[in-house]
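The chain below stands alone, shown as structure tokens; this is the form predicted alone.
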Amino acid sequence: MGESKADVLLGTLDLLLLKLLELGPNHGWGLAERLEEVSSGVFQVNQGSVYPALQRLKRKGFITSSWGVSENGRRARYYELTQGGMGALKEELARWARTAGAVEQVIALTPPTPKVGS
């Protein structure tokens, strides 16, 4: 089937970013690093994916941003979850649970046992 990691992540990036921001404010580079760390390297997201997703979430009012100083002393834009973002996160988590449950049901299917003598 040959799906790449990015293909799998595409539909879930917003959810994952909202979840990470629930833990506290962070900058884009920090979010990408944290995502890779927490997923044991399964999700390796480049900045070309993270920043457009953050801008999309910001346009929707799910996050806000402000300038701050990163751990290495550089100026960085920090993103933070809004109340609307918290509601969106809860909805996305419920949708994910339904989707994951449905996938599990399909995966659990077993083929019929062949009849003896057939």
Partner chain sequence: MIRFLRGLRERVRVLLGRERFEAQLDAEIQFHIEESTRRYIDSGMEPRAARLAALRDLGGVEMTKEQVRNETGVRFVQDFAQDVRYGLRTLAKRPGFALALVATIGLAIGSNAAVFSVVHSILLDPLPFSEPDRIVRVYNNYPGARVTKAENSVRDYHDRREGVEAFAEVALFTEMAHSMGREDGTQHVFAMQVTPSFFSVFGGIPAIGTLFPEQLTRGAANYAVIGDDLWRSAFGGDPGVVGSTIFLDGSAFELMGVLPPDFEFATWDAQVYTPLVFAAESRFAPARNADRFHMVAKLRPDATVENAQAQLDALNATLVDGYPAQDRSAALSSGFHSEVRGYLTDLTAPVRRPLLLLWLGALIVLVAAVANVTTLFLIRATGRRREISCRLALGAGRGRVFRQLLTESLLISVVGGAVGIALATWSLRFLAAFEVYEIPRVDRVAISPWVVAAGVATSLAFGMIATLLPARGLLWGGGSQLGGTSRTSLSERPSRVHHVLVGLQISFAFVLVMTTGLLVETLRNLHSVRLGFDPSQVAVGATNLPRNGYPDGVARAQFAHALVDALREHPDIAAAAIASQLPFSGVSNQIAVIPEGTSVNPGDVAPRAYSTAVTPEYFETMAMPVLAGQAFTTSDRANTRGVAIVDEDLARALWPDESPIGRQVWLGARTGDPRDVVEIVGVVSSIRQNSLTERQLPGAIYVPFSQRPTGFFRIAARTTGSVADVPALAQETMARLDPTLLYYWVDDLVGTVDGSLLLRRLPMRLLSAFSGVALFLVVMGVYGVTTYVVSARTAELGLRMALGGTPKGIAGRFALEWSSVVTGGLALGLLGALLMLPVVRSLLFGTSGLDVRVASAAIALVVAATGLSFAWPIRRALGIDPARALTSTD
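Positions refer to the first chain, counted from 1. In this text the structure is predicted, and so the values were computed from the model without any measurement.
There is another form of the same protein, the form predicted together with its partner chain; it is not shown, and what comes next is about it.
Interface residue remark: residue 55 is counted as part of the site for its partner chain in the predicted complex, having a heavy atom within 4.5 Å. Proximity of residue 70 to its partner chain in the predicted complex falls within the 4.5 Å heavy atom cutoff.
Contact check for residue 36: a non-hydrogen atom falls within 4.5 Å of its partner chain in the predicted complex.
Looking at residue 90, you'd find every heavy atom of it more than 4.5 angstroms from its partner chain in the predicted complex. Residues 74, 75, 76, 77, 79, 82, 84 are the ones in 74 to 101 with at least one heavy atom within 4.5 Å of its partner chain in the predicted complex, listed in sequence order.
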